[in-house]
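Listed next as structure tokens is one chain, alone, in the form predicted on its own.
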């Protein structure tokens, strides 16, 4: 098997599995229970939260543990609900290439869409144009989940800072909160919430070789959120329910491991991507590599073969146990055209011929050569069928 869809899901690392295991059978206690064994589990839970927070330059108390990135994004947008209780006309802005969970939340709040260029990079001029005195919430992912484009969050944060200063001078009381979904980026690039200037940040275990169904939301001290579930008051009262102890332990272990090997992994991905691209260049249909070459996650190799039916290519490759996708799993499974590829200006033929190839730790240079050759062979087979 050659798996090339790591942007969709990653296997759980051996270290994460080993770290989690005791909390399934030996230290299975509810961390809210009053006896000593349970208190030890509570200590381990809080220690893991602190370790995870440290990776992004935060403290354990700054994190709210959730059941994944989608839930974390929903919790993040509750900040807008809080603001709307005092300022009814408050509005939101989201990048037009955001993950489906953020876009759907944007629709709920009738958010404006910030444009991107043909590489998926934010149009800062458009952001400034659409940032009004009523804007209370801005959401821009650190790295795109389909083409891997990395956004200049620090520059966006500076624009937001200047807008806050203007409001202070003019007496505009509406706060302005900056949220970023960093799900795809956590294992691949260094992250500091202070340096990036974000108020809220979404993290996802499933993209960093940790267990699925676990996420986290970084909450800046000045941000107020609303609870998304009622119950026992866990996670500062914002996310009630018995804590997923093994999930968080595994998340923290995987994230620590990923950070320790970040530089080496990035170099490996860059080297492997060169091999893959060299093979894809031999295709009878010229490949168009997507995303921003200077600002792109190293393990992303999104590509379009205009005029080819990428879904048929995927089926042909699956027969040879080579797995990749046409875009985000939630969109591809519904047969929906990628909103990301539309936003960067691709036409229907280019979108139909697009593949999202994302590399991971289990891949080798030999995998890249084989996969590239078989993708080209599948394209040649399709051309012959036409």
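Numbering follows the first chain given and starts at 1. Here the structure is a predicted model, which means the values were calculated and not measured.
Not on display, but discussed next: the form predicted together with pyridoxal-5'-phosphate (PLP).
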Worksheet, complete the sentence: Which of 147 to 155, 278 to 286, 241 to 249, 202 to 210 lies within 4.5 Å of pyridoxal-5'-phosphate (PLP) in the predicted complex, heavy atoms considered? The stretch 202 to 210
Discussion item. My question is simply whether residue 183 lines the interface with pyridoxal-5'-phosphate (PLP) in the predicted complex - judged by any non-hydrogen atom within 4.5 Å.
Written reply: yes
Practice prompt. State yes or no: in the predicted complex, is some non-hydrogen atom of residue 325 no more than 4.5 angstroms from a non-hydrogen atom of pyridoxal-5'-phosphate (PLP)?
Written response: no
Worksheet item: Taking heavy atoms only, is residue 353 within 4.5 angstroms of pyridoxal-5'-phosphate (PLP) in the predicted complex?
Response: no
Practice prompt. Report yes if any heavy atom of residue 187 sits within 4.5 Å of a heavy atom of pyridoxal-5'-phosphate (PLP) in the predicted complex; otherwise report no.
Written response: no
Response to the item:
Residue within 4.5 Å of pyridoxal-5'-phosphate (PLP) in the predicted complex by heavy atom, from 357, 343, 69, 56, is 69
Fill in: Contact residue in the predicted complex, from 234, 262, 101, 229 (heavy atom within 4.5 Å of pyridoxal-5'-phosphate (PLP))
101
